[in-house]
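One chain comes next, on its own, written out as structure tokens in the form predicted alone.
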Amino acid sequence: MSQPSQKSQTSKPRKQIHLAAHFPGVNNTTVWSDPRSGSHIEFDSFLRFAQTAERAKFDFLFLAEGLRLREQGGQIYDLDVVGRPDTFTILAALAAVTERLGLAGTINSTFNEPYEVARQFASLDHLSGGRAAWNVVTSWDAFTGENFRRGGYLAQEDRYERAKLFMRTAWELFDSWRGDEIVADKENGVFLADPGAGTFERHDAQFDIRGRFDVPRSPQGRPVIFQAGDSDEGREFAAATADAIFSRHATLEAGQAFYTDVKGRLTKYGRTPEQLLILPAATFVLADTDGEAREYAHVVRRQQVSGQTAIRFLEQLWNRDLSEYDPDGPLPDVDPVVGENTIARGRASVRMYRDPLQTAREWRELAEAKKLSIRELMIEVTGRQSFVGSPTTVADEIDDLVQRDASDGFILVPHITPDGLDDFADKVVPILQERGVFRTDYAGTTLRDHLGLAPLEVPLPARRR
């Protein structure tokens, strides 16, 4: 972890930190077997999680997407938490029981249609009073596509092209209402001032639609747009269209490199650095002292990576059945099977291993140098950014990373659901508030207000240009 920089504390105005909470769902970060863990399906879990995030004045709650139960070795991958309810249903229900917390949902542009997605997000923005956000992703694999009418019809190299056209179409739908069309003049019997409100027409390589969009302009005009891709195409897509990017680069050096790269792409699209926020995901482990936190973090990692899970992780690189291997023993002496990954299906993470043979060599060298078993190695190489320490130490590290432009804030992923956020809310947030780097109350009502994003200009509908 980085150390606080005294220089960074005085050389420029201190940035306000943005914090969000990720309900982890299908994710090995979650220790579902811990006695304190609750349901990932029942609404009470989402309610308690959201209420804690709102009590702490977080910017938003974030939901990822799982469109098919992942499999490994031909069986449901039961080492993940299985199942994930529909995003819009959960967020609409949370809109009714929260007042200020932003509500961010992941919806892919591969297996949906822009009319229905725009309609759902415009409705959520209305229901929540302007708190909706859309994390735009592209589903890439035919395995997931088998659940849908068009299956895995879209070639991987084409998915961003469809996403761009999807976004342009959604924009036209959102902007087909200006916001002043409804007059509801009861005395004169006039409801709409503009009989052409909602008119749209779109014809391109992916979409051929025209008609009337049936949801009037929402409080934010459109949802706040998040993007999570890390490839060069994904970064460019985010620079062109997104309001915030969900990053995995949360350490000082990697975060600063990502931050500089992505924000440097904005000028070509006529945008400023303030118009795109960088928000990496990070876990945390808290205790009264740094030493106690480190000991607890070790326990948590052993819970997250059991012996069985370690073998499953290794299979995802080796692309072969390794169930006969001892997780407390050495790495296999056979090489990974190169080519399409057939042992693990539905996991985007397998694409990180662009050269499995090289990665296997690196893992063998690391295991040999540190005398690591399979399980110990998996604990080391599968860890994500984690803040570990006393509340003061964790507050120091988060503040320092933001002030040194490694990020604009963090999306926190607790390992216990739904109550794992409570300690952070009660012990770390007050320290950040005392330092003046995190709000003590919401200053506005919309998610764009929370994120410091300027209101959108009201467009002139295409039919009037």
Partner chain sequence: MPAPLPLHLAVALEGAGWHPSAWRDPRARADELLTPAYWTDLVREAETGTLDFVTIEDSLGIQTTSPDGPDERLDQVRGRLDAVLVAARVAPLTRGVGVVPVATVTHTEPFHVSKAIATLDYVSGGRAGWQVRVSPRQWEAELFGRRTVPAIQGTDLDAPEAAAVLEDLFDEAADHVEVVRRLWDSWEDDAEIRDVATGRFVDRDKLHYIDFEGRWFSVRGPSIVPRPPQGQPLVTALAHRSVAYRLAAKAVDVVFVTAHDAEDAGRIVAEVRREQAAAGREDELLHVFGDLVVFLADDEHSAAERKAHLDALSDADFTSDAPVFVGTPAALADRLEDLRWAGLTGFRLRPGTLPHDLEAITRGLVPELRRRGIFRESYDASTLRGRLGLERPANRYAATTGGAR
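Positions refer to the first chain, counted from 1. Note that the structure is predicted; figures quoted are calculated from it, not measured.
Unshown form predicted together with the partner chain; subsequent notes refer to it.
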Interface stretch in the predicted bound form with the partner chain - options 268 to 276, 233 to 241, 248 to 256, 96 to 104, non-hydrogen atom within 4.5 Å: 96 to 104
228, 362 and 444 each touching the partner chain in the predicted bound form (heavy atom, 4.5 Å): no
Sole residue of 216, 307, 356, 332 within 4.5 Å of the partner chain in the predicted bound form, by heavy atom: 216
Position in contact with the partner chain when the complex is considered in the predicted bound form, options 204, 288, 328, 146, heavy atoms within 4.5 Å: 146
is_contact(residue 42, the partner chain) in the predicted bound form, heavy atom dist at most 4.5 Å: yes
4.5 Å heavy atom contact, residue 115 to the partner chain in the predicted bound form: yes
Residue 156: touches the partner chain in the predicted bound form, heavy atom cutoff 4.5 angstroms: no
Proximity of residue 296 to the partner chain in the predicted bound form, heavy atoms at 4.5 Å: no
Contact set, 111 to 134 vs the partner chain in the predicted bound form - heavy atom within 4.5 angstroms: 111, 112, 113, 115, 116, 119, 120, 123, 124, 126, 127
